[in-house]
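Take a look at this single chain, the form predicted on its own, given in structure tokens.
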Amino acid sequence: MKAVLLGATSGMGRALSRLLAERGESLFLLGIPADDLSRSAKDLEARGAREVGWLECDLLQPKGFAGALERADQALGGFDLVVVSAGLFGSQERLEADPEFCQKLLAANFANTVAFCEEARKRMLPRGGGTLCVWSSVAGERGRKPVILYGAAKAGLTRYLEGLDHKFRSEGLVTITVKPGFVRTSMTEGLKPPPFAGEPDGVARQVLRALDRGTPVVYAPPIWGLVMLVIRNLPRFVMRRIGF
């Protein structure tokens, strides 16, 4: 397997990249900053990756996506897996108070992630496809008071990925949507963990199984699949009353 990973220097993306390295896969890391990429590349080489390359690529700078994927393509001699775990998080209170950061989060978590996926899709389909694995969130399952803006971006991303899978799976492009609940990472540092909080390594093992099987949707930890089944079916007046 030859994989390009955007966001593999921390959290769940780093945990998944380590599992791929231990299987001896060839990896190319995209993200920021350069120091983190360099350190992660050395770590993955030590863990058994066949080869590891890296290049700075900022999710907030979509003009760089095509060039970054082209460099990854050249370095790996083609790729058949693209993982996007990069993104931004902000509380509803912060996003309401800081319009500039809100705009960045909405762009990073929806428009720019879609733009990156489109660049990847254009390269993978003509040579028979591959797998596109992208982190969305359970926050996009319903309109929820604590995560209105963050959840809206993830809801849009989830629908895009679902449509992509419907349209192109028959042509060889498998799209996997990862929907984590609360996971203890640097992104959630300082927040009170709710029941069913997960760990990055556990999520990574789930995602690796999904990559092997072509599972289209991954709730992580798995209990969030049942929780969201209930939430999706709650009447609107009940959603309005509860604080979830």
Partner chain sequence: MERASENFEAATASAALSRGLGRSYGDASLPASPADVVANSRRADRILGFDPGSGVLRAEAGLSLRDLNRVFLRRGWASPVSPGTQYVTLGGMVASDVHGGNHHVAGTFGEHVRSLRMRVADGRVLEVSEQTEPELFRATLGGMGLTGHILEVELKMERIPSAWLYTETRRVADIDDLVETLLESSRRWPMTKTWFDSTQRGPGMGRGFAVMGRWAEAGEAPPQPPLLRERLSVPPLPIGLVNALTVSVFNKLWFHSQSRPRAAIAHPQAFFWPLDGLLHWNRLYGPRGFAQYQCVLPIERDTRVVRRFFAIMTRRGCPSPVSVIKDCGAEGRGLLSFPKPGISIALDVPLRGERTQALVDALNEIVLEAGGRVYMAKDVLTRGTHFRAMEPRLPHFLEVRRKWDPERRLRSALSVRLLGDDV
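All of these numbers come straight from a predicted model, not from anything done at the bench. Positions refer to the first chain, counted from 1.
Beyond what is shown, the protein has a form predicted in complex with its partner chain; the following relates to that form.
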Residue among 216, 202, 193, 48 with a heavy atom within 4.5 Å of its partner chain in the predicted complex: 48
Which of 32-40, 65-73, 206-214, 52-60 lines the interface with its partner chain in the predicted complex (heavy atom within 4.5 Å): 32-40
Interface membership of residue 185, its partner chain in the predicted complex, 4.5 Å heavy atom rule: yes
is_contact(residue 17, its partner chain) in the predicted complex, heavy atom dist at most 4.5 Å: no
All of 96, 109 and 162 with a heavy atom within 4.5 Å of its partner chain in the predicted complex: no
Contacts with its partner chain in the predicted complex - residues in 206-239 whose heavy atoms fall within 4.5 Å: none
